[in-house]
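In structure tokens, the next block holds one chain alone, the form predicted on its own.
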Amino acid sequence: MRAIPAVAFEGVTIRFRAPSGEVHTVARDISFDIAEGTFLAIVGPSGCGKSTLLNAAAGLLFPPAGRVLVFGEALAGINKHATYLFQQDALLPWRSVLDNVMLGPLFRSMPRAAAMEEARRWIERVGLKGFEDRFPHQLSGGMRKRVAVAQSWIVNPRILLMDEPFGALDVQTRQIMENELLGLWQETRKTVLFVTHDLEEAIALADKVAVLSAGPARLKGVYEVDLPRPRDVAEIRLNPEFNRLYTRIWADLREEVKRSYDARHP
């Protein structure tokens, strides 16, 4: 029997009504699924609806047509199996690193002493031991992102939704964080939906890459990334198969990027 997917989009169409009353279709008839334990990257032109699709998987919005299934059940509220890592960190500025990481377990009624012990373990796991008492404004961008990763993983979600989480980092810090993410994923095999503008990042990280068309988004294709694991995101780019995959996927993506650009610059 076929295993139940972690997330499935079934004929999902998403529309918004503008203040003018005009209805905008953001995504149209999207159907694909993600097996549990899969790292899926979602790419597409800027503004095509990638983040909107992630919000639907999080239960932050509900499509007027189609549905989102999570482990076989139609999503009818906030996705209790998922955590969400945004491009901009969502750390509380008045709380220390330790207090920020503890929040999730405390919200789930874990005793404070146990939550503190688990938070210290995750802070050490992401390389921030010794920074427990620092506040977000005292940390670099990469360090804040490590805190956000610890926040996401500490609650042991089955699904991680990641919306360009490393997009604001410099190239060197970004590669370090990408490798850290792959290390954590390799250990835990969570299901990951990872939105990115960067096709190279998508291929370096993922098992599969889903390409969306220019808005309103349609699914253009889902590509298998058959590259060896474990991976180093810098070294894997030197693999000839990486270049072959990039050329193949970019052939589809380039057309959509051009369509999106032309629509914005008539």
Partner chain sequence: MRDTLDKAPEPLGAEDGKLATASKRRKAGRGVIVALQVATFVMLVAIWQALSVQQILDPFFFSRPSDIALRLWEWLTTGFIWEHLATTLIEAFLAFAIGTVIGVGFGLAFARVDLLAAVFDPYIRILNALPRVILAPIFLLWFGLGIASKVALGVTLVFFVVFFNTYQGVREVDLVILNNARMLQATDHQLLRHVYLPSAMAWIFSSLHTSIGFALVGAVVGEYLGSARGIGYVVAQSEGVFDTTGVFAGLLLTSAVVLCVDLGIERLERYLLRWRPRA
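Residue numbers count along the first chain shown, from 1. Please read all numbers here as calculations on a predicted model, not as lab measurements.
The same protein also exists as the form predicted in complex with the partner chain; that form is not shown, yet it is the one meant from here on.
No residue in the set 122, 146 and 194 has a non-hydrogen atom no more than 4.5 Å from the partner chain in the model of the complex. Under a 4.5 angstroms non-hydrogen atom cutoff, the partner chain in the model of the complex has residue 58 among its neighbouring residues. Among heavy atoms of residue 71, none comes within 4.5 Å of the partner chain in the model of the complex. Under a 4.5 angstroms non-hydrogen atom cutoff, the partner chain in the model of the complex lacks residue 127 among its neighbouring residues.
Although the partner is absent from this view, residue 88 contacts the partner chain in the model of the complex, with a non-hydrogen atom inside 4.5 angstroms. For the residues 92, 171, 76, 113, the 4.5 Å heavy atom test against the partner chain in the model of the complex is passed only by 92. For the partner chain in the model of the complex, the listed stretch (127-135, 172-180, 114-122, 186-194) containing residues with heavy atoms inside 4.5 Å is 127-135.
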